[in-house]
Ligand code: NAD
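A lone chain, given as structure tokens: the form predicted alone.
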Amino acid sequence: MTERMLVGLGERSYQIWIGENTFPAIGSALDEVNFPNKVAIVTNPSIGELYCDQLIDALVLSGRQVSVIQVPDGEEYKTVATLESIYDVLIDRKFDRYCGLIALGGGVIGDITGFAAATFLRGIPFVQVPTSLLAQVDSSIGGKTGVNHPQGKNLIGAFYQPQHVHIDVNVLATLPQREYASGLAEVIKYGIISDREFFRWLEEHRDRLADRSAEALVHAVMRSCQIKANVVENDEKEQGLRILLNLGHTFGHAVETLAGYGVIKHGEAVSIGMVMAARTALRLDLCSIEDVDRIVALLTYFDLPVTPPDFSVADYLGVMQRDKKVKDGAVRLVLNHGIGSAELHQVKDLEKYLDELLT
């Protein structure tokens, strides 16, 4: 059975389909939104080998003309150079404004395909078919697209919503363990910032999630998507509420940048960042030691890292001061209030807190 939910954004609204073995239904989903007949699937070699043929078959059955564009696999290739290589193929194959892109892959593929769609010929439609857990519950929803810059993650991009998000939890069976655990970090994040009962459900069903039970995954993905959709509907372009989705990300992006893109996976960096945020919240009396211990215990159950890598306070500060949430030169952090709530805080004396967190 395929579940459906709506991301309500007026004329930019779109549906998310979630279930098992959903690929055969993608033609029908695209027909519902009048998606173009000439499409290009953007993917990487490893994902393409596993799932591209299934997707092509379903698209051809719906009467579509399908091209495939392969880009290298990995965060280190989420660059302007890779973006230009997509443009080159689209131009060479005579794509026009009446064509569309389909992102088949994880967060890197989704982000770069979305940005290509946002900027090619000033905008063509695209669809997200996320194949990693992290992409299914986070990056495929909400319209954040972009590429990295050597001085920071996602510094070049645009808000550009997909026309449809098509999620099949069965693809998670082939996901490498580190990638799967990275996605669970984002799932856990939703419980911390918005839903104490969902966090408790994750604690109670952690064995089933570790075993990749399809039933448990459908529930976890559905609830995560619903929380994110609710936030995006109220703050599409991150002017207020949506910034709470960045719990752990200011610290986490610093970890990713300092370690080098691809060395520490995004979800692993977010896991470290959420623990750093929780420990900062503890020092500010925003949560209890019991809250911190529960967060650490759930993350470590899935073998996620919780200790920041060994870089200097000055290194961390240098990267964090380039974060998109910096305002008037001040670093602002999303911090949890217990479990189930979070707020944005301007943290004074961040250097002092970092010194404590890194020792």
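Because the structure is predicted, anything quoted here is derived from the model rather than measured. The first residue of the shown sequence is 1; numbering continues from there.
Not on display, but discussed next: the form predicted in complex with nicotinamide-adenine-dinucleotide (NAD).
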Exercise for review: Consider the chain as shown here, without its partner, and state which of 250, 224, 113, 132 has a heavy atom within 4.5 Å of nicotinamide-adenine-dinucleotide (NAD) in the predicted bound form.
Suggested key: 132
Revision key, fill the gap. Picking from 288, 213, 174, 82, the single residue whose non-hydrogen atoms come within 4.5 angstroms of nicotinamide-adenine-dinucleotide (NAD) in the predicted bound form is 174
Review point. Which one, 199-207, 124-132, 271-279, 95-103, holds residues whose non-hydrogen atoms are within 4.5 Å of nicotinamide-adenine-dinucleotide (NAD) in the predicted bound form?
Key: 124-132
Point to revise | All of 51, 75 and 179 with a heavy atom within 4.5 Å of nicotinamide-adenine-dinucleotide (NAD) in the predicted bound form | key: yes
Check your understanding: Is there a heavy atom of residue 108 lying 4.5 Å or less from a heavy atom of nicotinamide-adenine-dinucleotide (NAD) in the predicted bound form?
Key -> yes
Review point. Is residue 219 one of the residues lying within 4.5 Å of nicotinamide-adenine-dinucleotide (NAD) in the predicted bound form, judged by heavy atom distances?
Key: no
Check your understanding: Is residue 37 close to nicotinamide-adenine-dinucleotide (NAD) in the predicted bound form, meaning a heavy atom pair under 4.5 Å apart or at it?
Key -> no
Point to revise | residue 153, heavy atom within 4.5 angstroms of nicotinamide-adenine-dinucleotide (NAD) in the predicted bound form | key: yes
Study note, to complete from the structure: In sequence order, the residues of 31-54 that place a heavy atom within 4.5 Å of nicotinamide-adenine-dinucleotide (NAD) in the predicted bound form are 44, 46, 47, 50, 51
